[in-house]
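Shown here is one chain on its own, the form predicted alone, set out as structure tokens.
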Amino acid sequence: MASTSRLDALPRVTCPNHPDAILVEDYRAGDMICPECGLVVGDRVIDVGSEWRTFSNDKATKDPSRVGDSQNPLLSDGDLSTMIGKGTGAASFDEFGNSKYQNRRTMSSSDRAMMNAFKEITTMADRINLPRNIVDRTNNLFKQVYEQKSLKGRANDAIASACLYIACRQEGVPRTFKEICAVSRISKKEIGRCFKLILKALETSVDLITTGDFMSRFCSNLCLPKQVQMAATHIARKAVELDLVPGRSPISVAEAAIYMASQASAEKRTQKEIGDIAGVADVTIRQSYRLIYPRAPDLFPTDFKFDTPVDKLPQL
């Protein structure tokens, strides 16, 4: 109550003509303006926001700012550090030509390793246009694995790639091992090994991938219309329900369904075009296609508009 009374006792800046009006603050000019009559009630208002100056027009490799990056809760000290830029004037060097102001490495080796991994994760995510929430989940997974030291001896880049794969599946936007491998410097086999070890170490699990997880993205990359995408989704789902593709990868089944639906429509795509999008070999698509071809009439939705009849589809 005492603190409230003290706040009430403070002088309040108001417009003399409109005392009940809520003043508008012009942050650039530092003025307090009455919205009713336009009277400048106060000037030279102190800006309590962050001091921020950028030098983006300078020809430099980085964009230095007056304030540092935001605090990173994943690091032990929050990454609250100041980096001194390279000096350019004569006052920046002593008589022997050595820099007078130098950075001191106060960051621990573990934080430095995590920072490098976080940068690699962000780079990989940017290459395949993944949103920020997946990057954050990947960073958290990597921190848990790194602190447990359960994958000692494995390269941090391999662990980061596997964490990105797990985060994509946990967030409901799965990517294939080949897609993760394409944006990293790690082999598919090594990512797969780290993936299994991480799941065991963290005692977590991921949902099983289905043909529907990839269908919309693959069809979009192939520039196929909505009708073909819906038909391919229906074909893949029916093929799984009828147990026509036992033991086949959901990705290869999805690709075979897309190939069948496109061949029955006016927007035809070749096996190579479809395989290049998903990173699946032509022979893999053909093997799955041969399994579902005999039941093709039962797989298409009833309202599908055929450009090529079912009996005229390629037999491969």
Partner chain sequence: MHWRRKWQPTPVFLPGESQGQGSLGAMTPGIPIFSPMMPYGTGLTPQPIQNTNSLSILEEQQRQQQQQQQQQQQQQQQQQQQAAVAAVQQSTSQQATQGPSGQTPQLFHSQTLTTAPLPGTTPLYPSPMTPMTPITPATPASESSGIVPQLQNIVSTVNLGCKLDLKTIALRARNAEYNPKRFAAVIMRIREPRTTALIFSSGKMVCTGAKSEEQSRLAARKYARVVQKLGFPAKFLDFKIQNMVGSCDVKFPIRLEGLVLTHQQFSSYEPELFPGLIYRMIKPRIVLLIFVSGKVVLTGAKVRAEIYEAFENIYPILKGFRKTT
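Positions refer to the first chain, counted from 1. Because the structure is a prediction, the values reported are computed rather than measured.
The form predicted in complex with its partner chain is left out here; the points below concern that form.
* Looking in the model of the complex, is its partner chain within 4.5 angstroms of a heavy atom from every one of Gln287, Pro309 and Leu316? -> The answer is no; none of Gln287, Pro309 and Leu316 reaches its partner chain.
* Could you spot which one of Asn139, Thr233, Gln227, Thr176 gets a heavy atom to within 4.5 Å of its partner chain in the model of the complex? => Contact check passes for Thr176.
* Asked: So which of Lys238, Arg217, Arg154, Lys188 reaches within 4.5 angstroms of its partner chain in the model of the complex, heavy atom to heavy atom?
  -> Checking each option against its partner chain in the model of the complex, the one that comes within 4.5 Å is Lys188.
* Asked: Is Phe195 close enough to touch its partner chain in the model of the complex, meaning at least one heavy atom pair within 4.5 Å?
  -> It does: once its partner chain is placed as it appears in the model of the complex, Phe195 has a heavy atom within 4.5 Å of it.
* Asked: Does Arg169 reach its partner chain in the model of the complex, with heavy atoms at most 4.5 Å apart?
  -> Looking in the model of the complex, residue contacts with its partner chain include Arg169, since a heavy atom lies within 4.5 Å.
* **Contact of Ile274 with its partner chain in the model of the complex (heavy atom, 4.5 Å)** => Flag for Ile274 set to no.
* 4.5 Å heavy atom contact, Gln144 and its partner chain in the model of the complex -> Gln144: no contact with its partner chain in the model of the complex.
* **its partner chain in the model of the complex: contacting segment from 110-118, 154-162, 126-134, 207-215, heavy atom within 4.5 Å** => Partner-contacting stretch among the options: 207-215.
* **Heavy atom contacts to its partner chain in the model of the complex at 4.5 Å, residues of 292-312 in sequence order** => Sequence-ordered list is empty.
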